[in-house]
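In structure tokens, one chain follows: the form predicted alone.
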Amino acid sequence: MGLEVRRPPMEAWYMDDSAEDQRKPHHRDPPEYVSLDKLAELGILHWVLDADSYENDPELQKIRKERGYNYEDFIEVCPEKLPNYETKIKIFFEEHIHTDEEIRYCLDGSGYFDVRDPEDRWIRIWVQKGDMIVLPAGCYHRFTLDENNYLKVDMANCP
């Protein structure tokens, strides 16, 4: 059994329409939170894992086996570690869609995945160290760092 990670669950909320810095939370006034159940209805899966022992975490190994994730790649998104940082962070924040699911496991830092709901509203999902998130194929989304300006992520893939 994997180590139980104790921290608040992943948070998600409907975004405001502000053109302010994309790294800000962009809560509506008053904030409108989105439940994990609502995210699940949209096909978004989530686990909280022990990022400090990801190499030997039996829970992660179980998820990889059950879901057929057989490849991983790591990226550190921050000005000091990512070549062409400014260009890439703009590309990540452009709305896009994939024909396969997108699997991201946050090993350190934090950032936001924004997804569109069926009513065309943006939902901001705040991922932090230990969050593993799966966006379904066909889900319009984008990514940006939060104000901490750092994220290390495992980008798993399926066959």
Ligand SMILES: CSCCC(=O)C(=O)O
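Note that the coordinates shown come from a computational prediction; the quantities given were computed from them, not determined experimentally. Numbers follow the displayed sequence, beginning with 1.
Not on display, but discussed next: the form predicted in complex with the named molecule.
The single option of 98, 28, 90, 65 touching the named molecule in the predicted complex, heavy atom within 4.5 Å: Only one option qualifies, and that one is 98.
Proximity to the named molecule in the predicted complex (heavy atom, within 4.5 Å), stretch among 117 to 125, 57 to 65, 90 to 98, 41 to 49: That would be stretch 90 to 98.
Contact check for 15, 24 and 32 against the named molecule in the predicted complex, heavy atom at 4.5 Å: Checking in the predicted complex: none of 15, 24 and 32 is within 4.5 Å of the named molecule.
Exercise: residue 153 in contact with the named molecule in the predicted complex, heavy atom 4.5 Å: Yes, residue 153 is a contact residue.
4.5 angstroms heavy atom contact with the named molecule in the predicted complex for residue 77: Residue-level check for residue 77: yes, a contact with the named molecule.
Heavy atom of residue 104 within 4.5 Å of the named molecule in the predicted complex: The answer is yes: residue 104 has a heavy atom within 4.5 Å of the named molecule.
Sequence-ordered residues of 126 to 144 touching the named molecule in the predicted complex, heavy atom within 4.5 Å: The stretch touches the partner through 141, 143.
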